[in-house]
Each structure stands twice: as structure tokens, then as C-alpha cells.
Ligand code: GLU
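Here's a solo chain for you in C-alpha cells, the form predicted on its own.
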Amino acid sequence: MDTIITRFPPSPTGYLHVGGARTALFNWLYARHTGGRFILRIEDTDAARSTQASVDAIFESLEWLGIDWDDGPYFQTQRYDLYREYIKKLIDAGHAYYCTCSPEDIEAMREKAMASGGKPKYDGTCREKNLPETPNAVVRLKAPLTGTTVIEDVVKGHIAFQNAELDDYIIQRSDGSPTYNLAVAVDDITMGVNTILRGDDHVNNTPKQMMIYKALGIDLPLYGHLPMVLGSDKTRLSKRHGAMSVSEFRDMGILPDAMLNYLVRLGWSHGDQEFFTRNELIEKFNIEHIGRSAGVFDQNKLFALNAEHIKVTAPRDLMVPLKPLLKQRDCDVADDEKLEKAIVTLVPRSKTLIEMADGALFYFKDIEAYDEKAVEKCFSGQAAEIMTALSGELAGLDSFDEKSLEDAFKKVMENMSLGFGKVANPVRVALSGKNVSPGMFEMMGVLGKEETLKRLEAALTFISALT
């Protein structure tokens, strides 16, 4: 079997959106699964809308996702000589021709066709004139006049187009520049692409590109058109549904492996399995199980899946993406050992790295203010007495491990005839500033003996000022 060669050809007119990222992922996974090659091609012929900033954003998003490429990036604007070479081949072989019909002529043809119930298209006026190249002439490809053009789509199945409805479409504009379908077909041919997975909004472009393959006598690639990604209201995903770009989800604290996992499930399945590691996806991905139904993007499901990926990621591996988020919060952490311990305590209650960063702040910054509701609920009654007693027990500990801390709490509980909650609640607020925190002994272990005693003392000072 020939080596599978896939490609991802984004236009640099904006960010990498969810649908584009899924297309890239499917092509990348199929290439990696089969031991094939994955090509990155930048389709930048729309000079008015293409920007370097968009190119950089696409590269950055793909690199964050871990989608690497074997060839490229190629830029279509650097390949115009190649396109002109293939256009000349098509003209010389009689499969394409120069056309000098004016825009007004074309409009009149379309109106005439519609008036008679036909499809508005070019009527072939210049098709057999064998006109020479002249200024302002376009080049058109000869469409077959009878029969059907059939796509045996690996996702959608058998799709047939009546050739009588196909147009002699333009492959070179009057300024000498190639049109989209010509450039794409030539790129895929010269790059050896033999498997094309792309959005189903390209279905109508496919017969036009197939015509170029057939005119050049080149075997067709395998086509698969992926159903679109919808928003929660079952309309096409757009900005009104919320975040759209890959970079937005990165900034929301989503892990790249969780993003890959969620994207692949928007149109592909492997039994009932929902959670996949990156290596599992590469091992199991196939094109046979790409679904025909549109995927519905659910941000809550993405967050839930992200929480699962956080749980299975080594705490040390979470440190790298977490540190910049902490720095954004004026918290520059230098103690990696303490950060790793803190992450362990935060993993069970973090759906995103943003939540983890917010939850980690109290470990590394002094408490500037206690939560008002927590103060009202937990800093009254015996709170000061509890913290004073606990401080005495903790100060005498030689070891600050979980067993020693548990014993210290038990002594206070027994001496004051209190349950664990009555003792723990004011201590939790004293140590974290809030009435919700990681596990008591885990939290104290991260803070350490000196910081724990310091915070209990600060809380006692605060309470005394209330009375």
C-alpha cells in the first residue's frame, strides 16, 4: 500500500477555529496512525485578507496542540510559477482555453439561462475558438458535457454530480493569478497527497478539482468530507456561541491533550470510549468510524473532560503551563517542590488550569482579606480558643506529616469536646482565607509549620480586633 499522505491547508485570514483544528487533527491522526506523512500548506492567495499575524497564530495553535507536520509549511503565493506551468499544460492538451467574454457578456448568459429554467453558468462561447493569449483574457477548464462526476466519499458515501450542470470554470484570472480550485488541485498533485479529509463545505469544490486530475491523467485521491461543527442550538458554530479559536481555549486553561480528545469526539468514535490519551488516539484512529452527523460543541463537556486529563497528568507536567498563569496573577513561584505539592492538593477540584491557578494563590501569597461570609460563619464563638490550642499543639511537633497533624487535631478535639468540623472550619479560613480549600492536612503540609503558625497568629490578631 502507498504511504498515506494527508494535508491541512488553512487560509491565514484569522485564528485557527475549532472546525479547522478538528480537520487538522483528523488528517494528522490518520497520517500518524498509518505511518504516513502530514503536510501543512498555507493558502494565502487572498492577499487582501491574509496576514502574517494569522499565519503566526495558526502555527502557534498547532504547536500548542502538538500537531506537528512532516512537510511544509508551503505558501501558495510562492508557487505561482508552478500553477502557470500546469495551466499551460492544460491549454496545450486542449483541456483548457482562453476566454475573452466580458463580465457583461457573462451576466447576460446567466440571465438567459435562468429565464429558460437552466442553471446560471458560462455557455461555452469561447470553448472551441482556440483563442490565443491576449491581455485581460481568462483561462477556463473544459467541463465534461455529459455523464456524471462521482465522488466515492469515505464519510458521506456515493455523491454524484450531473456533468451537464458543471461549469467551464475559470482557472486563471485576467491578471494571470490562479483561482482557488486550480491551486489546490495542483498543490495536492505535486505534493503527492492521496487522502483528503476536509469540511463538507468543500463538497461542491471537489468535482471541479477532480476535473483537473482527470484532464492531467492523474489518479484521484481518497476524499472524505467531514460534517460541520454546530453550536448548542444546532446552528453552525460561530462567535455568538462563545469561544471559537483554539488559542481562546488555551487561555481558558484547557490542556492540549484534552482539547484533542474533545475535538476527535466531535465526529469520530471508538465504541463507547470517551477518554483518550494522545497515544491512544494515534493507535485507534481510523477513517471508517468518522460519523456522518454534525458534531455539537458543548463547552461544559470539554471542561469535564479537561478535569479528567488534569487528574491523569503528572503534577510536575502541570507546572509548566501553570506558572505563566500564576505570574499573570502577580505570583512568581520559584519553589518548584512547593508548587508540585500544591498542585497535588488542587487537582481533584480543578476543571481548568485557570481554576487551579486561582486556587493556588493562597499557598504563595499572604492573605490580604478573609472572605466576609467565611468570617461571619467561622470566626465567632470558640474560634480564637480553637486556634490558640491548635497553635500550641503544632508548635511542639517535631514532624509536620499527616499523622502528626491528625494527632494534634485529635488532642484539641478531645480537650474541647468538639467534632472535626468545628475545629477545622476556623482553621481553614485562617490558612486559606476561604471556607473552601484542599484537604486540611494536605494544605498544612504544603504551607509548612512556620507558615501555618504564622497564619494562625494573623487570624487570632484579626479576631481580637473584631471584639
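So that there is no doubt, residue numbering starts at 1 and follows the sequence shown. The structure presented is a predicted model; accordingly, all values stated were derived computationally and were not measured.
Not pictured, yet referred to below: the form predicted together with ligand GLU.
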Next item on the list: Spot the stretch among 100-108, 351-359, 364-372, 178-186 with residues whose non-hydrogen atoms come within 4.5 Å of ligand GLU in the predicted bound form.
Entry: 178-186
Note to self: Does any part of Lys208 reach within 4.5 Å of ligand GLU in the predicted bound form? Heavy atoms only, please.
What the structure shows: no
Check: Given that the partner is absent here, does Arg198 sit within 4.5 Å of ligand GLU in the predicted bound form, heavy atoms only?
Finding: yes
Checklist line | Residue contact check: Glu442 to ligand GLU in the predicted bound form, 4.5 Å heavy atom | finding: no
Notebook entry, point to check: Does His241 make contact with ligand GLU in the predicted bound form, using a 4.5 Å heavy atom cut-off?
Noted result: no
Checklist line | Residues of stretch 8-42 in contact with ligand GLU in the predicted bound form (4.5 Å, non-hydrogen atom) | finding: Pro9, Pro10, Ser11
